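Shown here is one chain on its own, the form predicted on its own, set out as structure tokens.
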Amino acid sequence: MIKTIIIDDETHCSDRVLSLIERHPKTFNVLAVIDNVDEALRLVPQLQPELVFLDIKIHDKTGFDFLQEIGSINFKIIFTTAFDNFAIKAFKFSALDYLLKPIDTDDFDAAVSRLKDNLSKQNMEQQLQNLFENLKPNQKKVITIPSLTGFETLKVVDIIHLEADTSYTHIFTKDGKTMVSKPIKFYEDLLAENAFFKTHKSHLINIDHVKKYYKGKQSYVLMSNDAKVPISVRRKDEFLKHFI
């Protein structure tokens, strides 16, 4: 069973997590429910949980304060938060799990499934470093790519283009290609604010890596890695607006 701690300053929210946990009686062993950062800093090193459900806003402090003060982090984290678009975007870039309040039963069950698959694979400290970088305003984003053995990180500016392959996505950089078990729509949404453009239903490009554009019946662009990426007829006019 997974040794678990809940950190949340709102009783009805921690009660909600407890009620959802009770639906998985053979999965969790709840060690403590904590409602403030100071007590969490005292108890977590003593109890050594494997998993922490961590609220973002905890009285006058945050879950990020707790993580930066705790030192060594050798437990998995599932963030629990009310809608905070900026933080959620940072979670997605860093491949960290989160649950939106009020927590939906299906979302919780999906998080439990992911947890069981990844509990021993992920290096939380490296992912949290990526998270803190991604939370800085105007900082160049770092994206965390899950893999069979753990994860790797890529600077968003180094991504040249992405190509769909059924429910997988190939991510191309100057160093090669990485295949990820997520659909290209996930990255289309994640990278929408970072100079990426969907040229075709199966292709997403980084505008900053376009070397040449070839017009014609079957238009395409030549990327900085010399890959040719097609541009669909209906996307061509919108693509050209980036260069006017």
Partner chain sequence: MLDSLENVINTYTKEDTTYVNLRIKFTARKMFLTPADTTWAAYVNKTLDISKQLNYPKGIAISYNNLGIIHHYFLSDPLGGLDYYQKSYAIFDKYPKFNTYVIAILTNIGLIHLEQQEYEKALKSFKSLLKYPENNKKYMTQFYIANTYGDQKKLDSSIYYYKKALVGSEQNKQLLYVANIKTNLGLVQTNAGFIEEGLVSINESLDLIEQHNIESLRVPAYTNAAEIYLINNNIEKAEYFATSSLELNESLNNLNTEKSALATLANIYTQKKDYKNALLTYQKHIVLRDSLINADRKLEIARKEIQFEADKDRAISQVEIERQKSIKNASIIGGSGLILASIISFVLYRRKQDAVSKSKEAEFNAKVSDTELKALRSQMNPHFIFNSLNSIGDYILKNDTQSASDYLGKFAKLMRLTLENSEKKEILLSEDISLLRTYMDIERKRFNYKFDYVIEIEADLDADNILVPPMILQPFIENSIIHGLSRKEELGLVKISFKAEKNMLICSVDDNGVGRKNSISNKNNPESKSMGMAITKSRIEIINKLKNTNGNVEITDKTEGTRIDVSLPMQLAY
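Numbering follows the first chain given and starts at 1. Nothing here was measured: the structure is a model prediction, and the numbers come from that model.
There is another form of this protein, the form predicted together with the partner chain, and it is not shown here; the text below is about that form.
In short, of 37-45, 199-207, 58-66, 24-32 it is 199-207 that has heavy atoms within 4.5 Å of the partner chain in the predicted bound form. Taken together, the three residues K3, N74 and K136 lack any non-hydrogen atom within 4.5 angstroms of the partner chain in the predicted bound form. Interface residue among I103, M124, V156, I145 relative to the partner chain in the predicted bound form, by the heavy atom within 4.5 Å criterion: I103. Only one of the listed residues (D117, E152, D107, D165) places a non-hydrogen atom within 4.5 angstroms of the partner chain in the predicted bound form, and that residue is D107. Residue contact with the partner chain in the predicted bound form: S232 places a heavy atom within 4.5 Å of it. Contact check for K215: every heavy atom lies farther than 4.5 Å from the partner chain in the predicted bound form. Looking at K182, you'd find every heavy atom of it more than 4.5 angstroms from the partner chain in the predicted bound form.
Contact annotation: E188 falls within 4.5 Å of the partner chain in the predicted bound form, judged by heavy atom distances.
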